[in-house]
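Single chain ahead, by itself, as structure tokens, in the form predicted on its own.
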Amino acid sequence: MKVGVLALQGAVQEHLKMIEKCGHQPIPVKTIAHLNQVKRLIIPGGESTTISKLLVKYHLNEKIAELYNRYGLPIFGTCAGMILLAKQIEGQKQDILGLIDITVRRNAFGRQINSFEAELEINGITPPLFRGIFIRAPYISKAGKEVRILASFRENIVLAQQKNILVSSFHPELGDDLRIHRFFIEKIN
């Protein structure tokens, strides 16, 4: 299966490698033509403001929303990707896709210097525990009724799913554990 990674900025190569390790064909997505080739899309961590501006500049925001709303394109957003997929960002206005009914708090666990790793219990994926890598991570401060909470850390939601959208505060692409990528590729239809 062709699985795309939005390749405008951020942790693109790491996700491409994870897709390949899962036995699927990774596609870097920079244009609408690339987007039209994929059956799944990952929006990586990086700088959400920069990615947002580039999505608008290249009209990818409209196309991603259309593919999700019309065809149910499965999308996985990590860190900045989660911010971009959210309906709302606490205290900020930014161009976002607004495809999952969550409110996020940016840099919720602190600045870059406060980055950390934590063992997470993930509904439907663990045991054993999953090692989450949090870098300037957001978390979900509010989730709509249709949002399924898959993992929390210190009572803050860090992994969730609504229909064909999966979002995480942490970076599963920076470790060796393929379980979350496999869950996204194989279980979310």
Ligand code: GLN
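Keep in mind it's a predicted model, so treat the numbers as computed, not measured. Residue positions are given as counts along the sequence shown, with the first one as 1.
Below, we refer to the form predicted in complex with this ligand, which is not included among the displayed structures.
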(Q) So if I measure heavy atom distances to this ligand in the predicted complex, which of the stretches 152-160, 116-124, 31-39, 44-52 falls within 4.5 Å? (A) 44-52
Q) Heavy atom to heavy atom, is Ile135 within 4.5 Å of this ligand in the predicted complex? A) yes
(Q) Although the partner isn't part of this model, could you tell me whether Ala80 comes within 4.5 Å of this ligand in the predicted complex, counting any heavy atom of the residue? (A) yes
Q. Closest heavy atom of Arg106 to this ligand in the predicted complex, within 4.5 Å or not?
A. yes
Q. Taking 4.5 angstroms as the cut-off for heavy atoms, does His171 touch this ligand in the predicted complex?
A. yes
